[in-house]
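Take a look at this single chain, the form predicted alone, given in structure tokens.
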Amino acid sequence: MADKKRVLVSALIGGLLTVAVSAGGNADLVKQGEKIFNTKKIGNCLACHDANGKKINNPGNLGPKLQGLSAWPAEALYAKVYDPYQGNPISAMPAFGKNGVLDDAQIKAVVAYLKTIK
């Protein structure tokens, strides 16, 4: 019985460490995504979008105000950034991935940032 408890405690500690490492890595990804979102020469998302609850200087209003994205599946957000025309053929949003403006890693970073928007 003592061996089972040791195994369980070891598994729990290992799991907590994995979560802590993942959370730290995710924080870096969110930070990269925020930079892409706010940088005019990279993503320039702020040219069209305001993000609910985020400090953004002079956001645009061509696109919708971004809110509730923390509830969206990451895959749906990725698809929207990669090629918004798949879900909306008359979208004014550029196809950042399909057109090669952002690479896979950059889109994943933007998605990580978008998932922080409540």
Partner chain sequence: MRRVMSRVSVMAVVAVSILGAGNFNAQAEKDRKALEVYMLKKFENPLKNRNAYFPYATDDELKNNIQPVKKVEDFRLGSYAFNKGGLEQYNELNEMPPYEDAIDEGEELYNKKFKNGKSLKSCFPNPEIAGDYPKFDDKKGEVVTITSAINDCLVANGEKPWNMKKGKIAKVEAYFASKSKEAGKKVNIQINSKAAAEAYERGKKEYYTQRGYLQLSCANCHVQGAGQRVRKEYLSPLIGHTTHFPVYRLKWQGLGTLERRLGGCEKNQGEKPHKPNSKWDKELLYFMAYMSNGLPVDGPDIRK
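Positions refer to the first chain, counted from 1. Remember, predicted model here, so these are calculated numbers, not experimental data.
This protein has a second form, the form predicted in complex with its partner chain, left out of what is shown; the following refers to that one.
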Can you pick out, from 71, 76, 47, 27, the residue that has a heavy atom within 4.5 Å of its partner chain in the predicted complex?
47
If we define contact as a non-hydrogen atom of the residue within 4.5 angstroms of the partner, is residue 32 a contact of its partner chain in the predicted complex?
no
Can you work out whether residue 60 and its partner chain are in contact in the predicted complex, taking contact to mean some heavy atom pair no more than 4.5 Å apart?
yes
Is residue 64 close enough to its partner chain in the predicted complex to count, meaning some heavy atom within 4.5 Å?
yes
Which of the residues spanning 78-110 lie within 4.5 Å of its partner chain in the predicted complex, based on heavy atoms?
85, 91, 92, 94, 95, 96, 99, 101
